[in-house]
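In structure tokens, one chain follows: the form predicted on its own.
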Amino acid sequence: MIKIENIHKKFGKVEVLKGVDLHIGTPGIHAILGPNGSGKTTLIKSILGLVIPDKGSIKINGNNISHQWKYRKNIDYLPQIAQFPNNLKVSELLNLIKDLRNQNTRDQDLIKLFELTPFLNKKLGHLSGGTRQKVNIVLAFMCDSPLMILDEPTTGLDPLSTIHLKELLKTATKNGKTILITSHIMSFVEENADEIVFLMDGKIYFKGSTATLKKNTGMNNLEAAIAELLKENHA
């Protein structure tokens, strides 16, 4: 579905992506991991067309996305920090996004799942961080796009909401969706991800299953395996 070839990106003198090659051809959950400043956000924003690489190409379903925009209709995106006007009510935001997407949605089922009915007439600026994140998850999952990009989706969620998120992810993958996730919660990644893509200093150092990464590093959990990768490549 996604084919990235030799993309480079500089911001001023800082080279953030240094010839990244990445092919994601199968449905499932693909975790994009790496330390702060590794290039994860720039890579995601490049796929979304929010950052234009200086060199290289990105293709989705065989089509080069350069100077295109219609392909974004087939992507559901949850940013790490979603910025919406604080004076909008939750119901107004949901209706706005539904009007923009112009698709059948399942927002009512998700509102019920995350118990958001009491908050529909409240303004976003009056919500707690966790409740806002629930609203963001409803926005990300209410359409039926084949590609999802979720940046730190568990931020602020209580344990029950995290369980609901995991259930949504399992259903999405069963339905053949391709999901890119970034997260600093390694237990969440280990439990849910089908593939790990480890990015550091603008390059990919590992791509494969959690089991393979643990075997390669000699570690028995993902967090320790990632720490070992960091040590190996900083040595």
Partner chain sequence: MLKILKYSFYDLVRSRWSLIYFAFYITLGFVLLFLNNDISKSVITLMNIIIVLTPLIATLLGIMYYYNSREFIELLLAHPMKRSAIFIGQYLGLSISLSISLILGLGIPFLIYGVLISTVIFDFLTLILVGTFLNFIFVALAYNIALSNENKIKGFGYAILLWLFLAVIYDGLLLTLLVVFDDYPLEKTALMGSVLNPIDLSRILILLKLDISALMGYTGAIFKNFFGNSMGMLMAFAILLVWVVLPVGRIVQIAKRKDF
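Numbering follows the first chain given and starts at 1. The structure presented is a predicted model; accordingly, all values stated were derived computationally and were not measured.
Separately, the form predicted together with its partner chain exists; it is not shown, and the next lines address it.
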Contacting member of 95, 108, 117, 162, with respect to its partner chain in the predicted complex [4.5 Å, heavy atom]: 95
Heavy atom distance at most 4.5 Å to its partner chain in the predicted complex, all of 170, 198 and 208: no
Contact stretch among 21-29, 222-230, 6-14, 208-216 - heavy atom within 4.5 Å of its partner chain in the predicted complex: 6-14
Residue 185: touches its partner chain in the predicted complex, heavy atom cutoff 4.5 angstroms: no
Residue contact check: residue 72 to its partner chain in the predicted complex, 4.5 Å heavy atom: yes
Partner contact for residue 146 in the predicted complex: its partner chain, 4.5 angstroms, heavy atom: no
Proximity of residue 88 to its partner chain in the predicted complex, heavy atoms at 4.5 Å: yes
Residues within stretch 99-115 having a non-hydrogen atom within 4.5 Å of its partner chain in the predicted complex: 99, 100, 101, 102
